[in-house]
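So this first bit is one chain, no partners, the form predicted alone, shown in structure tokens.
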Amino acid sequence: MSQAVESILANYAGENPGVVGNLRRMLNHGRLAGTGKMVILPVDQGFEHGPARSFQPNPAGYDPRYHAELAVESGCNAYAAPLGFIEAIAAEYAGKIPLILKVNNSDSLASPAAPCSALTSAVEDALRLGCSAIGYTIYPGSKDRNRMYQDLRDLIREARKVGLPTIVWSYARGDISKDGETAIDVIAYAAHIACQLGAHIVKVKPPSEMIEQSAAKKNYESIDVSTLEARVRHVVESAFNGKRIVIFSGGPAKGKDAVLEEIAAIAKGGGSGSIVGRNAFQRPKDEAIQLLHEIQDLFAKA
């Protein structure tokens, strides 16, 4: 038993054994096993942005098997994807690496009146495919946010009954400025909302120094937001004072040095890990594995 992992799981003492067991499974898998940190490979970008935009930089990525193989060979804690990709690899990879079924998704072919992802799979699919968790995206700030919150409530209840934890992608979007989507007050709020809705693991974007809400500016006068490390620390504090696992997205593709600089700040700020997609799978496999190892090493040393 890892003391670091068991200390984290003590914050989930009210959960049923299945949920705790699957959290333990993810925290004890891969190169970061036992550290209390997580690096997850997510590949929902083909659905969200289109196959050419997502996979043409490294055409091996058109094959669903490539991503599961990359997640295993790089020692990730888990692999997350929509239904089709998981169905394509589950027979071979279920049990080799924790799988996370992303149960809602949206495409970029049209601009909706309000951001809202469609339910594209179900808890029953996650069980059938041997998954260790489900993932769901909410858009705080969207006019359709209340419908997403209600759907998430029902999904968490159903998943909990069968012992599956829920990872919530909490991305503020809608009646918020584009820059405001990553403002520190908005990211902290989005993380807190996900926790209040029952998320076991929260995924948010790295926050900027900007403050979006005029009503929050006075409160932030006494909060250090001058560095990414400090901002991450505040986001973690907003997630029940660090009693929930908070991981940060890797964002758009960028240079290796920029990726590692951002990860180092997240790790120093107390982030529980990263979910790194395009910055990994759009690179040649050997480069992707090397990058993921360096990311994992930064979290291991934090």
Ligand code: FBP
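Computed from a predicted structure; not experimentally measured. The first residue of the shown sequence is 1; numbering continues from there.
FYI, the form predicted together with the ligand isn't displayed, but the following is about it.
The closest non-hydrogen atom of residue 27 lies beyond 4.5 Å of the ligand in the model of the complex. The ligand is not shown here, and in the model of the complex it never comes within 4.5 Å of any heavy atom of residue 262. By the criterion of a heavy atom within 4.5 Å, residue 173 is counted among the residues contacting the ligand in the model of the complex. The ligand in the model of the complex is not approached by residue 58, whose heavy atoms all lie more than 4.5 angstroms from it. For a residue to qualify, one of its non-hydrogen atoms must sit within 4.5 Å of the ligand in the model of the complex; none of 67, 256 and 284 qualifies.
Distance criterion of 4.5 Å from any heavy atom to the ligand in the model of the complex singles out 251 from the list 242, 34, 251, 50. The contact residue chosen from 128, 205, 96, 192 relative to the ligand in the model of the complex is 205, the criterion being a non-hydrogen atom within 4.5 angstroms.
Residues with any non-hydrogen atom within 4.5 angstroms of the ligand in the model of the complex fall in just one of 42-50, 58-66, 231-239, 263-271: 42-50.
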